[in-house]
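Let's start with one chain on its own, the form predicted alone, as structure tokens.
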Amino acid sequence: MASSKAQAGQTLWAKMPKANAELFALTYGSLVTELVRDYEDPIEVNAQLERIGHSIGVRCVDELLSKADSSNLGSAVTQCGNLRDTAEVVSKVGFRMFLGIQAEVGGYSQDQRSFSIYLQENPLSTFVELPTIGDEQSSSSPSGGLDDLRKLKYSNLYCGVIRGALEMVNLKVECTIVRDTLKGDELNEIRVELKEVLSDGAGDDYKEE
């Protein structure tokens, strides 16, 4: 099942228009910089990135389903009877199709209502360094009022995209970046927790006992 999802992701990625990776990273960096200057609070910047990602995520689902259907891959994408199947589509198909990167999934909770997505590479954070704790830069910003930039979740856009995409298939989730290579971790980890099934059409395995 996982291999079929990976193959579907590769096939769909091949059909996507490609953007220059450096330009993509720099454009996102400009967005984050503008938000930092506007809000002067890393916590609020995190929230804004998540909101922007949510708007993107709700649109990604339609494109993914449309391209999967036109490529005769609909069953590999839409047949999700439980959260594990959904996690595989998000990691193996979604991240591959839209970003061209290989994401891994694991860390399922005992109740099967949460999981982690692991990214060895992160195209959003190319060329980026965050100030270290105690760095003078973390207490000085262009506007002079920025809190410690270590609180910034630079790639929080991902959390919004995942939340928005899963909301479109009737799953209310909460996403949190729990490990970040920009902060010295060996990989990037996004924790996804299912909060509520918004419809009865998602399969019996989603429902609570």
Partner chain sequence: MGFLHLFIVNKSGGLILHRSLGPTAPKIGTNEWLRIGSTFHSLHAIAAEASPVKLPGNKNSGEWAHTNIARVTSTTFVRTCVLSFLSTILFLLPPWHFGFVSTIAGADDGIEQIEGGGVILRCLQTRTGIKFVLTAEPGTSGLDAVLREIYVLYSDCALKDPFYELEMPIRCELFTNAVDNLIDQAMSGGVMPR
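None of the values given here were measured: they were computed from a predicted structure. Positions refer to the first chain, counted from 1.
The form predicted together with the partner chain exists for this protein as well; it is not shown, and the discussion that follows is about that form.
Although the partner chain is omitted here, in the predicted complex none of 43, 50 and 174 has a heavy atom within 4.5 Å of it. At a distance threshold of 4.5 angstroms between non-hydrogen atoms, residue 61 is in contact with the partner chain in the predicted complex. Residue 110 falls outside the set of residues with a heavy atom inside 4.5 Å of the partner chain in the predicted complex. Residue contact with the partner chain in the predicted complex: residue 83 places a heavy atom within 4.5 Å of it. Contact annotation: residue 67 falls within 4.5 Å of the partner chain in the predicted complex, judged by heavy atom distances. Interface residues of 151 to 189, taken as those with a heavy atom within 4.5 Å of the partner chain in the predicted complex (partner not displayed): 167, 168, 169, 170, 171, in sequence order.
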